[in-house]
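Let's start with one chain on its own, the form predicted alone, as structure tokens.
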Amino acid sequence: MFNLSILKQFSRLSLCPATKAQINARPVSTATALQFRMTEPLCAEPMKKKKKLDPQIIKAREDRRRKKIEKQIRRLQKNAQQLKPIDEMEVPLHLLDQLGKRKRPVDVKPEVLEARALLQKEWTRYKREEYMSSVAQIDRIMAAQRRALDKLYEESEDLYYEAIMPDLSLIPYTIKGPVATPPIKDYESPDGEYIDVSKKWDN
């Protein structure tokens, strides 16, 4: 559809009489114009059709997932008694590389080496038994403490909550005992290794 102002401009042009007659004879309508338009872009893809799975396959997958989680839990429970290694007590790698240079050659008789090996094995067995007995004793004490607290909770909740409160009078606690080496005078023990990553702002 043509606008009226456009028709007037066309009529002013030097057109042939037949063309002017055709333009003037064109009917004028007030209806909405038909124009080319683009649809809005769609930012999604069609929904994928869900596949119907066999219930037995779904159950087998859940069983495998459950077994995997139970296996991880058993592994964590087995290693629960292991202590976290201390970085400060590990031997540096450059000292391990120089172990051949630092080791002094000593001539020892085979009988002495055999006696030392047997003594080391006997000492290892003794320390293992000592460790296992201490762990078992701690477990027995904790189980007895748990049973006593459960009985106390059945008798009186107030006494139970008072019993599980920490005793602040035990801290700070200092103890002195035998050491592996004689103390060094005016020695300040290191506070561990750390990297300072705090930001510094300069004016």
Partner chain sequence: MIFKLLLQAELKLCQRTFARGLSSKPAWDIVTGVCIERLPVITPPLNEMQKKYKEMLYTIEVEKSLKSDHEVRHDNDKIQAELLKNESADVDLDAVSKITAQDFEDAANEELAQFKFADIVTEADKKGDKSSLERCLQRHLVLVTELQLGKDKKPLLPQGKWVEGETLRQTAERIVSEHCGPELKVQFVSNAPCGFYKYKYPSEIEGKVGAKVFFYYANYKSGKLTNKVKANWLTRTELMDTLPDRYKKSVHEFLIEESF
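Being a predicted model, the structure only gives us computed values, none of them experimental. Residue numbers count along the first chain shown, from 1.
Quick note: we don't show the form predicted together with its partner chain, though the next part is all about it.
With the partner removed from view, the residue among Met89, Leu76, Leu93, Val106 that has a non-hydrogen atom within 4.5 Å of its partner chain in the model of the complex turns out to be Val106. Only one of the listed residues (Arg102, Lys71, Lys84, Arg128) places a non-hydrogen atom within 4.5 angstroms of its partner chain in the model of the complex, and that residue is Arg102. The candidate spot formed by Glu40, Pro55 and Ala60 lies out of contact with its partner chain in the model of the complex, as no residue has a heavy atom within 4.5 Å of it. Taking the partner from the other structure, its partner chain in the model of the complex has a heavy atom within 4.5 Å of a heavy atom of Ala180. Of the heavy atoms in Met132, none are within 4.5 Å of its partner chain in the model of the complex. In the model of the complex, its partner chain stays beyond 4.5 Å of every heavy atom belonging to Tyr194. The closest non-hydrogen atom of Glu45 lies beyond 4.5 Å of its partner chain in the model of the complex. Contact residues in stretch 117-132 (any heavy atom within 4.5 Å of its partner chain, taken in the model of the complex) are Leu119, Gln120, Glu122, Trp123, Tyr126, Glu130.
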